[in-house]
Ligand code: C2E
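Before any questions on binding or motion, here is one chain by itself as structure tokens, the form predicted on its own.
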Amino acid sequence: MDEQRNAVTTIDQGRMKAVRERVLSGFHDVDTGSDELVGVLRRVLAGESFSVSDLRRIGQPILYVSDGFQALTGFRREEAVGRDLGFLMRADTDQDEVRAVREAVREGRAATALVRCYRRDGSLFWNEQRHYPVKDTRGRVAHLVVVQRDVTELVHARSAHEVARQLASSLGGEGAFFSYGAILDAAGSTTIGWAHEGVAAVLGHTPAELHGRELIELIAPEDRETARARLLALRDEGGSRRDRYRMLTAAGRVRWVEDFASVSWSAKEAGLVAIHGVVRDVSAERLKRLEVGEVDALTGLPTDRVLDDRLDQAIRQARRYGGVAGLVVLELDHFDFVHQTMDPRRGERLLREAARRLQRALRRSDTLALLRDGCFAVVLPDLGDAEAAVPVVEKLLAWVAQPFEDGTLRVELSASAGVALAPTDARRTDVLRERAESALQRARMAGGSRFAFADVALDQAAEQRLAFERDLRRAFTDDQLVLHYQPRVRLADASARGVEALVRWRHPERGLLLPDEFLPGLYRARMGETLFEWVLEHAVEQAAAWREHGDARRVSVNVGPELLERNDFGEVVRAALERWQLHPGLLELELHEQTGMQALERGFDQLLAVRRHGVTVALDDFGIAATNFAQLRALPVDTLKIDRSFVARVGEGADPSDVELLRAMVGIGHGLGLTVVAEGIETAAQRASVAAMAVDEGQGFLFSHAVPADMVGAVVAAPAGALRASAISVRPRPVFVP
């Protein structure tokens, strides 16, 4: 902004365009000194990264660098002025393109070069430099204008694509894969410079999380020395290598991978070598290749020989890095009786089907093994805590409980399970197995079709959780859930034509419960889809009732990530609208930014379908998940709801940087043509601040808490804040549990 205000203002727009063309074409009819040239460039190249050097002086010093240059390189203007532009290359000056572009500049020709440069913090980036020599009136090259752009990601992507092309014939199979780029230095350090977004499917990291990290850190400790020797061989010998080793996921789980890496370039002066590679998950293949005697012939599952090895690894990892490893011993109830009364072939098919179901219920990092006929064991590595085992065991029992059908035969199955955890229950494989077997026997003695923990206290906690989930299910059947509505106010005229539907639970014993008190348990019980359908139905019904009374207002319904994966999501929404004959424009679906880009991408077609039908879509809690501009632009949304944490920091005595941050977020929304809503407005000062930024709508306690449907009309008609003191309850921030 300062550069633009201080730039030369005496040249009109038409001449300025012509000046830009002449200057960047190197024509000598622009009779300017250094200062005037800089002034012109500050206008015509505003916002870009560029430098101006004086080629008439010894050393060809830099006269000026733009704000964009400072942001790109990290060097302050006073640190760059007076130095040769080559200082950005540090010791890495032996680059062919540099020599070629210098020759072009001497001849007065414009040239573009792709140069390895280094920021002030030492990080390497690929710099696309467009060199424009500027001649004086006598035709001599006097100045050099260099416009610069960071193209690191593009260079990495092209190099990785070339490696992938070499592997095109061998990238098949079941394993997900991702590309990466890393820099090896003379000291043996290997820094990740780039990773393809496919890394999330293999390791659970985002590309940004890996940037700048050591590649060795991602490799399991047991394989790090081997991997380090492999990287050093690539650095010293070049070429390419294909190796298999274990990597750690973001959650600390182990994945077997195949890594094909190839040297892309080297800089001998700087002692750097770049490698690009493709990493493929081969965990499933490794399991299939277990030796004979380690695999059960009937089910194809590993036997207890493999189980002990995997369990030992999980225990060691839990002790070394913290966390919990679990062992589940699961046995089919009354299996001996069922098996004996069946035709042997049907009995074998039943056992294979049970193994298949259990395998489908597990994560790829888990190990399912056969202990004996009708009895299985599951190793659960890297559980976050003891409670994380509960939904896994519940899912296993639920999969077994589905009826088994074989022609005319239908068998109702059930199972019991015992759970032991390391290192709390035991630190040795044999002891942990004994504790899990003892817990299994307690579950069977209690009537079967249930599970038990080796730790009695955990057992009691799990029982309390299951009781709570039973109460939740009863809440749906007994009509204990209710919707309250919080108005959304247009800041320009204080009108409220929209509301957000928020669920409450009228518990028969504990009274009215707010979302914080039951939504986490509801999502743990995987009842999110049931809740959405209930909220959608009742919200649409209420919106139709308001419309019938001549008070049409849009109602917003929150949507979780599990809904976007449903193929019938759009049909569910359309069916509710048709049942209550509600215009689609009176329904808005709110997606939380925490939903994540992968879930949004999977549900992209569904969202497009409902928007084509006339339903609007909002992105809620914007700002907390760092969705970038390109991602936001690609999303099919109409409204941007800025998270309350940003609104809370503006108002009286606000830090100017907080105000500017919020202003930038509002600008992004309006720049994309979206309606911008500020959440969590609680004071008049906050309202005034966001209104001054041209925010379209506001929502928060200043206007109203969430109230029952029959109170919405009175709230909307009342002056802002009039009902704050008499509201039924203070609504905390709605909880969203992915």
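Position 1 is the first residue in the sequence shown; the rest follow in order. Computed from a prediction, not measured in an experiment: that's the story for all the values here.
A second form of this protein, the form predicted together with the named molecule, is not displayed here; the remarks below concern that form.
The stretch that touches the named molecule in the model of the complex, counting heavy atoms within 4.5 Å, is 556 to 564, out of 556 to 564, 413 to 421, 74 to 82, 467 to 475. For the options G603, P515, G181, P381, the one in contact with the named molecule in the model of the complex, meaning a heavy atom within 4.5 Å, is P515. This chain is drawn without the named molecule; in the model of the complex, the residue among L607, V145, A318, L531 with a heavy atom within 4.5 Å of it is L531. Contact annotation: E331 falls outside 4.5 Å of the named molecule in the model of the complex, judged by heavy atom distances. Taking non-hydrogen atoms only, Q486 approaches the named molecule to within 4.5 angstroms in the model of the complex. In the model of the complex, none of the heavy atoms of G669 sits within 4.5 Å of a heavy atom of the named molecule. Contact check for R116: no non-hydrogen atom falls within 4.5 Å of the named molecule in the model of the complex. Residues of 494 to 521 lying near the named molecule in the model of the complex, listed in sequence order, are E500, A501, L502, V503, R504, L514, P515, D516, L519, the criterion being any heavy atom within 4.5 Å.
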